[in-house]
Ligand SMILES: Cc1cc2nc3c(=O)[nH]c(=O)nc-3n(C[C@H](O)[C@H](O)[C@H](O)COP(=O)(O)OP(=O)(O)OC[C@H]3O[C@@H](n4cnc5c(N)ncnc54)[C@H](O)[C@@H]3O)c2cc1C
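Next comes just one chain, in structure tokens: the form predicted on its own.
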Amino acid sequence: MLRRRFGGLLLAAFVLFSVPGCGFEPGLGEEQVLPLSADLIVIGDGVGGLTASLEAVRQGAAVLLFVEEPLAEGRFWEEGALHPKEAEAAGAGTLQEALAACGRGRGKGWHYELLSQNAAGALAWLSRETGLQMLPGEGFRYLPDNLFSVHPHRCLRETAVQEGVRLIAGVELKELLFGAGGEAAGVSFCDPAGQLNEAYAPAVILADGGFLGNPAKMAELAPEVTAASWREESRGGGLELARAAGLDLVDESLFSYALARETEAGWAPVEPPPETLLIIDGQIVPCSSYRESDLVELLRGTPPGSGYLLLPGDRVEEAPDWIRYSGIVSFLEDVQLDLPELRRRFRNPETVFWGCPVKPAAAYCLGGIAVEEAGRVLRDGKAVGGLYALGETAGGLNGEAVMPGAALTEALVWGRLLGAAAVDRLSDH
């Protein structure tokens, strides 16, 4: 339901991040009232939200950054980012073609084009801002070399606050506010003390991710899907606001999956060594012959939706943190399988094996709020003025899967684009 609110500003005190450098900006004490108006409101402190906030504040905009729960996104960084140069030079086609192939024809061509044209610049920007060094990996992916010494996410957050972004954490978002013409006007929220407040701005960016860390929403929309345990911080508050406001939503139960192994703490990410075999539905599949996305599809296409990884101990220098088996018979008895081919292939009774259960876990929300080419969200097929979405909050951009490394590139590219778009909008007001 649309709300058209114009009135005074309310506020008491806020609870802010305990991360060093995050709090009220210099010169504003916690006992003072924080003005609840700005040029731009950003929801979410993920990479996309922080990037958009920095881009806007550096162009002179007053920015409020609202956070329900802080995001960590550790695995997000470990997957790296995209860079077209090396793979294209090696004759691997273009990055845009690779992105489209990964999405299996269901993504947006203009989204792939935007990422491919700006991937190199986004990666250079990230390195300048955080000191993160990225080295060429396989294909189009660049991987972090000094991730745990520079802490890039914390660096972006601290830089944003130091440069004037007002970061307000611990809030409960309640509703999107709209003007008389249906354009974005701000948000209403409860502060940590339970006080209902309103904040006003002519531009709002929804960038707080998907709902993989929201058990209730997963049970409602995808009850048979296992969510990746490393995405527990993603609650999808922006998507809840979108539903309540009647915005257009697409493919909410569509996810990109990753291989995950079962541990005591849940399903953890797994990267099989080259000599690993995937045992699935009576088949023996060499992992080295397939991309991870293909292995995931094989698992998803079987009735149980799960399988086992098996690695001969004499073919690996460093043993993985899997279950150790004294021989192939021990493995087959433990997993209750009868595979004569495995017995014939590994006849040496002294061979040690490493194995673990494996299944596809939803690691990225592909569905969300419908957006057009400028990143503006849609309602009844029409763009809403001043209201934007990016990353997992925006749906239908990547098709059936997101390429490893594309999530970070997407957050950087769209964050910079929408931060600048919010500033451009100020000239119209």
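Start at 1 and count along the sequence shown; that's the residue number. As the structure is a computational prediction, the values presented were derived from the model and not from experiment.
The same protein also has a form predicted together with the ligand, omitted here; what follows describes it.
Student: Should the three residues D45, A207 and A406 be counted as contacting the ligand in the predicted complex, with contact defined as a heavy atom within 4.5 Å for each?
Tutor: Result yes, every residue of the spot touches the ligand.
Student: In the predicted complex, does W230 have a heavy atom within 4.5 Å of the ligand?
Tutor: So W230 counts as contacting the ligand.
Student: Using a 4.5 angstroms cut-off on non-hydrogen atoms, would P152 count as touching the ligand in the predicted complex?
Tutor: Answer no; every heavy atom of P152 is more than 4.5 Å from the ligand in the predicted complex.
Student: My question is simply whether A52 lines the interface with the ligand in the predicted complex - judged by any non-hydrogen atom within 4.5 Å.
Tutor: So A52 does not count as contacting the ligand.
Student: Looking at the partner-bound form in the predicted complex, is V413 within 4.5 Å of the ligand by any heavy atom?
Tutor: Result no; V413 lies far from the ligand in the predicted complex.
Student: Can you pick out, from D251, E275, E175, E78, the residue that has a heavy atom within 4.5 Å of the ligand in the predicted complex?
Tutor: Result of the distance check: E78.
Student: Of the residues A370, V67, L36, V384, which one places a heavy atom within 4.5 Å of the ligand in the predicted complex?
Tutor: Going through each option in turn, the one that passes is V67.
Student: With the ligand taken in the predicted complex, which residues across 350-366 come within 4.5 angstroms through any non-hydrogen atom?
Tutor: Residue within 4.5 Å: Y364, and no other.
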